[in-house]
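Before any questions on binding or motion, here is one chain by itself as structure tokens, the form predicted alone.
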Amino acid sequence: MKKQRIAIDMDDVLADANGRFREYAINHLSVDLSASLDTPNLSWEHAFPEHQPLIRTWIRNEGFFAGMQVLPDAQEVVERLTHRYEVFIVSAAMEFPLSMKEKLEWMNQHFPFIDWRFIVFCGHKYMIKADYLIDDHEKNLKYFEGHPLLFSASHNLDLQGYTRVNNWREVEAMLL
């Protein structure tokens, strides 16, 4: 019997991109961030409008993606998923060319059980054929033909209309 296929996004699903932005904000912005950094639904695309030109450069810095932390329970749950499903890691890395090498190295370091043949760097994700897509952005879920699962992140807390998973334990309960 053919295994069902799961496609999993990287940033803010496996890797704590929001945490990386917080780290950069603390180290690179000369403003008092204490109140903003405690805001649970802080979206870096809209935070600190006067600093947006600088903030937008961070994701193009060498080492930005390599320094991300793994989200809690992601390694354990994803490894368990690989025993029941065909698991692909799917990242829209093409937008930030430096990120491809760093993301591949990051996957090798933190998810060594995912073979390189199951890591897909692409532009649009709508061409991905899978039974499930776990992603934090509506732009990727909207045209997905399988079962979209919205992974909660600070920038999507108001988004509705999708099955939401708040963390990897909820993914585990739903799919395992």
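Note that this is a predicted model, so its numbers are computed, not measured. Start at 1 with the first residue shown and count on from there.
Another form exists, predicted in complex with another copy of the chain; not displayed. Remarks below refer to it.
> Each of 100, 116 and 123 having a non-hydrogen atom within 4.5 Å of another copy of the chain in the predicted complex: is that the case here?
Result yes, every residue of the spot touches another copy of the chain.
> Look up in the predicted complex whether residue 54 has a non-hydrogen atom within 4.5 angstroms of another copy of the chain, and give yes or no.
Flag for residue 54 set to no.
> Should residue 106 be counted as a contact of another copy of the chain in the predicted complex, where contact means heavy atoms within 4.5 Å?
Residue 106: no, not in contact with another copy of the chain in the predicted complex.
> Can you tell me if residue 95 lies within 4.5 angstroms of another copy of the chain in the predicted complex, counting non-hydrogen atoms only?
Although another copy of the chain is absent here, residue 95 would touch it in the predicted complex, with heavy atoms inside 4.5 Å.
> Is residue 138 a contact residue for another copy of the chain in the predicted complex, using a 4.5 Å heavy atom cut-off?
No, residue 138 stays farther than 4.5 Å from another copy of the chain in the predicted complex.
> Sequence order please: the residues of 61-82 with a heavy atom within 4.5 Å of another copy of the chain in the predicted complex.
Heavy-atom contacts within 4.5 Å come from no residue here.
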